[in-house]
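Okay, so we've got the same protein chain twice, two forms, each given alone as structure tokens, structure 1 and structure 2.
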Structure 1
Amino acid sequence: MNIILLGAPGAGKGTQASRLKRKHHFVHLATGDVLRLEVSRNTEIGKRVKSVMERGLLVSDDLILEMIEQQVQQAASRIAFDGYPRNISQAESLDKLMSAHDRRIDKVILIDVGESELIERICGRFTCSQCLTGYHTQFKPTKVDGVCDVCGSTDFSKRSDDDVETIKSRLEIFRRDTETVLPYYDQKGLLYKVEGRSNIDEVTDQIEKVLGIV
């Protein structure tokens, strides 16, 4: 089973996908994470996409498709796509890519959260620089102030595109481009919506029910 987690920036796609990875052995394929790794390693791709990402704009469809293709080829088990597709052209390319590898998208889950809450969520999030566990100042703080619950590191970072102005542009792109993929999947009978304002465990429960893997 291969799935797509759709939702605006801050809706909780990454959080839920990492739970699906841990509990149900999905490969978590997050295009944003792959790109951030390229930027942090200062690779040729990283140099090309850095300023685009910092402005909250979309990287070219071709480049993303190339990256996705490698990952799909390597993924032995079920895949949870996070951050891809982000427009109709990417959705169509993904369908072709999946069928070229005798795979398909089985379900698409929209994690639905209102816009004002999204901005609050994104502004408060931070990540352990060592093990990459995600936290939030208000909704998911570390148990001991300044110490990662998982690996004990005291080194944390914030995404450079998580400032209010960039978030607004990312939300606008979501409304303009990414929301257009909802009818695309709805017409195929693949679209499911979960209430993303619930707490993290409740959202996971809803997703597991949709996937029939409770």
Structure 2
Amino acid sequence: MNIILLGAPGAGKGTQASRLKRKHHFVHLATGDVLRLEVSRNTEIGKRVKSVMERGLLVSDDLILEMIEQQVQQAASRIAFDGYPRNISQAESLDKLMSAHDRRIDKVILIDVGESELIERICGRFTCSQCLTGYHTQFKPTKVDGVCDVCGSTDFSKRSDDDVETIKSRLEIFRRDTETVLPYYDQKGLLYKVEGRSNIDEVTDQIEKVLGIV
């Protein structure tokens, strides 16, 4: 089974993909993670990606697809694509790639969350600088104020782009580009919507019911 998790920034795609990896042995495939991995490993593709990024350019769809193909070839079983594809061109290319490797996209799940809640979620995120454990000022604060639950560090960081104006811009890009992918999969009978405003466990339950797994 190969699935796609779609949703606006902050909808919880990464969290749910990680749960599917841990509970049901999916390969969690997020393009951002793949990009960083290839660069850190200094692979041939990673060198090309690094060169593009150092020049302040966007990594092309073709280069991203090349990296995804490597991951698909290495995946023994289930794949959960996290936030990819982002547009119709990528969706069509992914279909061709999967078919070339005797695979297919079985279901596409949209995690639906309203804009005001997305902004609240993203603005409250922060991370332990030492062990990279993620927290939230409202939904997941540290047990002891200013101290990481996992490693005891008092050093935390916050993404520079987690501010209201930047988030609104990212949401606009999502609406403009990624939401055009929804009718593409809906016409194929693959699109399912889950209520993303529920708590994390309830969203997981919804996704598992869509996939028919427990």
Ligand code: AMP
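This is a predicted model, so every value here is computed, not measured. Reference numbering: structure 1, starting with residue 1. Definition used throughout: the rigid core is the maximal C-alpha set that superposes within 1.5 Å between two forms.
J.: Just flag whichever of structures 1 and 2 is the form predicted alone.
T.: The chain shown as structure 2 is the form predicted alone.
J.: Using a rigid core alignment, state whether the CA of residue 183 is displaced by 2 Å or more between the two structures.
T.: No: residue 183 shifts by under 2 Å between the two structures.
J.: Checking residue 27 here: with the core superposed, does its CA move 2 Å or more between the two structures?
T.: After core superposition, the displacement of the residue 27 C-alpha between the two structures stays below 2 Å, so no.
J.: Is the shift of residue 88 between the two structures large enough to count as movement, that is, does its C-alpha move by 2 Å or more after the core is superposed?
T.: Superposed on the core, residue 88 moves its C-alpha less than 2 Å between the two structures.
J.: Quote the shift of the Cα of residue 145 between the two structures to one decimal place in Å, the two forms being superposed on the rigid core.
T.: It moves 4.6 Å at the C-alpha.
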